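The data below hold one chain only, encoded as structure tokens and taken in the form predicted on its own.
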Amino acid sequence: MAKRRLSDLRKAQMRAGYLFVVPSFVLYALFVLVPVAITIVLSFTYYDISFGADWVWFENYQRFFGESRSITIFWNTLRFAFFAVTGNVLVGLLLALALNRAMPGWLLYFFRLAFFLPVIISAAFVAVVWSYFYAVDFGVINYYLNVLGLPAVPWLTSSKVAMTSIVIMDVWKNTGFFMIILVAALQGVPQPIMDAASMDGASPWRRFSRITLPYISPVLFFCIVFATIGALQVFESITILTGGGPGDSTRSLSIYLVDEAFGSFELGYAAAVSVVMMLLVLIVTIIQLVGSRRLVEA
């Protein structure tokens, strides 16, 4: 009887668990899985708004990987992701190390707030403000360059400089998020171990590389993955600052997708571009997960 009652209790608990999980799963399926499945199916078609869809199988993918323009945009996205992720995580780590020290409480909170404020501001608003900073004739940055006797820089109108300008703005906006996370991780490093290493004569760099870095490596890896997924989907900042120009020098896959879907109404081809983006994010994440087995300390 006791076993039967226990079995009935477990069944009741399982039913209750399923009742809690099912609504979330249904919403996830309706708003994530179903749209993804429709997009994948649509990527194998030529879709006309008036006449419907015709199967073209892999022609959209052949077009994407066969055109020089789409390949350029593909590498633009990877280039932006690499430099934006490196800048965000590295600067965030340096700021976290700078703030992870003894200082008055009010000063610590002031610095944290100052560096974190850009994170909560809309990316579109930040891009508009930075477009004035980067203006060639009346921009703040070029004004001070002229004061120093240096020539003005075409921050957003030169194909050689525009991507760097966008990366700088992206790092300024997002690095505070990673700083806050890494500060919390640094505070979890055991202080007695650090004190013992210091008493044994370990240099600051050795203490950081042999003690601090292994302890925060899981959090650091999370920051890299999170920043990479966001960078590969960049849209607002590039759209407002350069619109993807000059030419296609700063155009990302997200902008290219929107242009093809709502500008040229090539919905099937745009779906193929979105699938390529999804696979790119998936492949990069898998590579990072595999690499983390050697770099991340359990």
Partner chain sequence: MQTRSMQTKRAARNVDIAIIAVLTVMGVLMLMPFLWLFSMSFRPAAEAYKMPPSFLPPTLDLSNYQTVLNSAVPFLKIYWNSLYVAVLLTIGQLVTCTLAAFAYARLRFPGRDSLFFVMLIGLMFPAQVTILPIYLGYAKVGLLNNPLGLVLMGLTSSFGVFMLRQFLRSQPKELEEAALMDGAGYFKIFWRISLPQLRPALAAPAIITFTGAWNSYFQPRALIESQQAMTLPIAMDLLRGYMSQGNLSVVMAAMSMSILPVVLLFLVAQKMVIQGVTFSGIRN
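Quick caveat, the model's predicted, so the values are computed rather than measured. Residue numbers count along the first chain shown, from 1. Heads up, when I say rigid core I mean the largest set of C-alphas that superpose within 1.5 Å between the two forms.
There is also a form predicted together with its partner chain; it is not shown, and the following applies to it.
Remark: residue 254 counts among the residues lining its partner chain in the predicted bound form, judged by a heavy atom distance of 4.5 Å or less. Although the partner is absent from this view, residue 65 stays clear of its partner chain in the predicted bound form, with no non-hydrogen atom inside 4.5 angstroms. Under a 4.5 angstroms non-hydrogen atom cutoff, its partner chain in the predicted bound form lacks residue 205 among its neighbouring residues. Taking the partner from the other structure, its partner chain in the predicted bound form has a heavy atom within 4.5 Å of a heavy atom of residue 235. The candidate spot formed by 57, 74 and 196 is out of contact with its partner chain in the predicted bound form: none of the three has a heavy atom within 4.5 Å.
Of all the residues from 83-117, those having a non-hydrogen atom no more than 4.5 Å from its partner chain in the predicted bound form are 95, 98, 99, 101, 102, 103, 107, 109, 110, 111, 112, 113, 114, 115, 116, 117. If you fit the rigid core between the shown form and the other one, you'll see the Cα of residue 13 move by 2 angstroms or more.
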